[in-house]
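Quick heads-up: it's one chain on its own, the form predicted alone, in structure tokens.
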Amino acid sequence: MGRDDADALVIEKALRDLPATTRRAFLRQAALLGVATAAPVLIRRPVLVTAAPGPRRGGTVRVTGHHEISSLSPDDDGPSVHRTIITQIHNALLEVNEHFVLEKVLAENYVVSRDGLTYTFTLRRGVRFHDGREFTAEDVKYTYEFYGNPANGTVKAPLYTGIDRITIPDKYTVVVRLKEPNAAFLRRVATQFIVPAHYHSRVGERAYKGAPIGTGAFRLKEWRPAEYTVVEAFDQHFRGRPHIDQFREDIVPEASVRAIALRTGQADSAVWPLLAEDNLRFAADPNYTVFKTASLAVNHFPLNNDHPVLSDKRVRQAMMYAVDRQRLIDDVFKGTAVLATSNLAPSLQPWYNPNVKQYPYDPARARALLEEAGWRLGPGGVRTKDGRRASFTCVTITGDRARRPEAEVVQQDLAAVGIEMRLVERPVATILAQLPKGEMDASLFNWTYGGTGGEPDASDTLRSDAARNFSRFKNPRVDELLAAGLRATTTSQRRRIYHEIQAIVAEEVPFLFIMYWDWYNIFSKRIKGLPTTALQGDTALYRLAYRWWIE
């Protein structure tokens, strides 16, 4: 055994002996060992445990996320690290599985009227909330009416547009009557997680964000937003008690530390992808179960379209030409992504439109557009116009080491054509709150603008009044098309509508659409009960934790 091997064994043993505490404890321990967390560490492969037949009961599954879990409300389930826990606590009438298929969960059955205006749901009986109260039709009515009411300031209110009335003929039947057909109703509304009317109406949404009660397989045990969240098995869950005792998500911003935790057995999975080189390394390692799927969330720079510099479409188009996106994919992400052409992913067939305005890397074209827009080179190589410098600030997520290099490359590309992009870091909750209000210039993260659950509707992000309209994009034609897309009843009608939306987004560039990642979900081999295949990863896999067991 060489010196390196001996050192590696010492490090490996120490990391394995870490207590089940937080990332901070992990980092402190690493520091005591003299290990730089971002530096490569030689760790032997974990020892494989021989599989035992049949599910075992007990144990804690530990996963890692990259930013704080600021809310546990179904209204805030957009970020993957949030939804991974929220889906353990709650259920919906219908849920989209890992193959994009709708599954009946709290609904035992449903019928859609011939005119597409009436949805009748028959509820599963004998379902209990975590406080022991029975789940009934009243909870569905309350949930839909609360989150669908814009006066409540909910993020998802636009999804409920067009609901005429909700009636509950009896304790186990819900009838939703629409004013007009809504093609996305089943995948965008019926998949809303249900909250208990008796509890939520008493404590309010604000308190509910930190103390949720659902019908899920796990109930909240402990929530420390920036450190960890633990949920424990719910004995009265309608599908039976989960095999595992607890599901825990630790917050570990540094991707390299998440990789070490996974390699040393301190974590069973990483909710958010690791660095590209680590994803590829784990994918080639037979000691791990790896799901590689196509992401539906665009990696993008939302831009404040009201900003004095960014409000000019020619400036935004110039930025698209100025950024060498293929180099980002090849160098930063090791080829594990595809170029974005607009708001929908190439994998989202049949809705994807490849015939939109293209932006090949062309800094000369970028400079020409900026000149045309009146931006002239000024002191320090930064363009100016009417006494204003072509400068703005991009806010990246605190500790996001996977995308920070991407931001730095884009910063250099923009500087080359005379645009200054300053970089600062803020927590994700701050970004999500301030960006749609126009209190930030720009940011960098991944988000779906249509595509959730396979549904192309983007009303919650592209509509002028959408709460998640991060770029403050206002386009009457897009608003009109989004409404028409919900009313359309055939796939061919809808395809034409969503193709036009993509063409407009490509032309207007409300945000810099960079790429769609290959999505890697990596699991320790000790986790059993995983599906054998998946067309979508991310939380579509973690929602299945109620089936898992540990060997």
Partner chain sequence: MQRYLVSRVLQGLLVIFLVSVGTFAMMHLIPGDPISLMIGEAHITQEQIDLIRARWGLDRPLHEQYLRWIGNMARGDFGESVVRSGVPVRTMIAEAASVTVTLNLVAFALSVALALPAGIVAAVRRYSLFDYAIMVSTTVGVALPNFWVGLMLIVVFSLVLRWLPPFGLPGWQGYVLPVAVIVSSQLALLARLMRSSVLDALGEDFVRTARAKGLPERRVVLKHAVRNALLPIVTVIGYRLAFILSGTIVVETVFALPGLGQLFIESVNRVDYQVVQAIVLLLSVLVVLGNLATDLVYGVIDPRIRIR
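We call the rigid core whatever largest set of C-alpha positions still superposes within 1.5 Å between the two forms. All of these numbers come straight from a predicted model, not from anything done at the bench. Residue numbers count along the first chain shown, from 1.
Not pictured, yet referred to below: the form predicted together with its partner chain.
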Give me the residue from Thr430, Ser464, Ser391, Thr120 that has a heavy atom within 4.5 Å of its partner chain in the predicted bound form.
Thr430
Leu106, Ala402, Leu310, Val257: which sits within 4.5 Å of its partner chain in the predicted bound form by any heavy atom?
Val257
Is there a heavy atom of Arg165 no more than 4.5 Å from a heavy atom of its partner chain in the predicted bound form?
no
May I ask you to state whether Pro150 is within 4.5 Å of its partner chain in the predicted bound form, using heavy atom distances?
yes
Non-hydrogen atom contact Ser113 with its partner chain in the predicted bound form at 4.5 angstroms
no
Flag Glu406 as yes or no: does it have a non-hydrogen atom within 4.5 angstroms of any non-hydrogen atom of its partner chain in the predicted bound form?
no
Look at the stretches 346-354, 206-214, 123-131, 97-105 and give the one with heavy atoms within 4.5 Å of its partner chain in the predicted bound form.
206-214
Is it true that Thr143, His243 and Leu541 each have at least one non-hydrogen atom within 4.5 Å of its partner chain in the predicted bound form?
no
Taking its partner chain in the predicted bound form and a 4.5 Å non-hydrogen atom cutoff, the residues of 150-175 making contact are Pro150, Ala151, Asn152, Gly153, Thr154, Val155, Ala157, Pro158, Leu159
Threshold 2 Å Cα movement between the shown form and the other one for Ser459, core superposed:
yes
Does Arg426 show a Cα shift reaching 2 Å between the shown form and the other one after rigid-core superposition?
yes
